[in-house]
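Okay, so here's just one chain, in structure tokens, the form predicted alone.
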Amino acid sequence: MIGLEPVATPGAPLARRNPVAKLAAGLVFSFLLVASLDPVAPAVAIAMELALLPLFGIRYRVLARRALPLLAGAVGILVTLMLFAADRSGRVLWEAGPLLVTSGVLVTALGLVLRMLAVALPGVIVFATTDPTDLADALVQNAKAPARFAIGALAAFRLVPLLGQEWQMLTMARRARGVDAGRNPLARLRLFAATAFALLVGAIRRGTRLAVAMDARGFDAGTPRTVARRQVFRPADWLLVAGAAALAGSALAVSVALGTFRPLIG
């Protein structure tokens, strides 16, 4: 089952903040970290994110479970760069036939992996502490986003858990018809591609029906819509955005002070 429901403690101080403020804080924090290629700035940023996690009301085990696909991708990127990177400068750390790992390759790979984690973790935290309905309401009221876009995004979030259920249903249906790959890796890959295509077709059909239903209910009209749940942007929300910018700037300042700062441009 794919879950996108909030898992934070409701009374946590930062989890109560406006959804648009949390989204803006995450974007500002991530955008500033992209400016550096060294591993020090993202490492400091990750330490800050983990230190602030209790203020969002998220347990570390829950965050690790939510970020498991991200961690798997980070390991894949690290291994790929260490094996196939073109730049082999620096001291040789490990050599086995055609495989050569140098200090330059390791620093570059660690910098990319840490930067990816530091940029993606704020998004994981934001969506782990935000109800999709509250986010859609805040986008319409505070960010002045079109109602069609916000409600469409909300519907997409609500339908994501169905993908896991449909995948299980397609797999069981194929198995009931005797279509099983067994231990053949090529057959497994072919079966995976066929199941993914069937899932994609089903998702497109459901999205088309949803779009037609939304148009029938007037979401494409220019008439102003009323709101049932008010979302207020308070001074504490502005402080959250400013604090995110300050923390990202502090991470970059530590990198500059240690002499490891490598700008993305220049």
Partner chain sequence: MAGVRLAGFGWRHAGRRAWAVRGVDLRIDHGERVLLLGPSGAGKSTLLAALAGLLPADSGEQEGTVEIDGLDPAKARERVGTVFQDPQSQLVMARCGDDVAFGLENRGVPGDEIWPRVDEALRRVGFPYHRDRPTAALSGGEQQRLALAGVLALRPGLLLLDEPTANLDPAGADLVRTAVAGALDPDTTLVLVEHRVADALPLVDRVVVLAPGGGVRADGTPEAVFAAHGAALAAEGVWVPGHPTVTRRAAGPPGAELLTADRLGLPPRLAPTDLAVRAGEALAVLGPNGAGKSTLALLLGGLLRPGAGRLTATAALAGGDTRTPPHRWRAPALAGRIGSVFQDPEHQFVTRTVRDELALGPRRTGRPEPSVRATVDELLERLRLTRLAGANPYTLSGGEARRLSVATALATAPRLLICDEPTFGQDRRTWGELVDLLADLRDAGHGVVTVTHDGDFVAALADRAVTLRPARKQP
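This structure is a prediction, so every number in the text was calculated from the model and none was measured. Each form is matched to the other, and the largest set of C-alpha atoms that superpose within 1.5 Å is called the rigid core. Residue numbers count along the first chain shown, from 1.
Missing here is the form predicted in complex with its partner chain; even so, the following discussion is about that form.
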item	value
Which of 39 to 47, 52 to 60, 234 to 242, 198 to 206 sits within 4.5 Å of its partner chain in the predicted bound form, heavy atom basis	198 to 206
Contact flag, residue 92 vs its partner chain in the predicted bound form, heavy atom cut 4.5 Å	no
Exercise: residue 186 in contact with its partner chain in the predicted bound form, heavy atom 4.5 Å	no
Proximity of residue 213 to its partner chain in the predicted bound form, heavy atoms at 4.5 Å	yes
Close approach of residue 133 to its partner chain in the predicted bound form, 4.5 Å, heavy atom	yes
Candidate from 155, 143, 110, 100 lying within 4.5 Å of its partner chain in the predicted bound form - any heavy atom	155
Contacts with its partner chain in the predicted bound form - residues in 229 to 259 whose heavy atoms fall within 4.5 Å	229
C-alpha of residue 209 moved at least 2 Å between this form and the one not shown on rigid core	yes
Large Cα shift (2 Å or above) at residue 60 between this form and the one not shown, core-fitted	no
Threshold 2 Å Cα movement between this form and the one not shown for residue 180, core superposed	yes
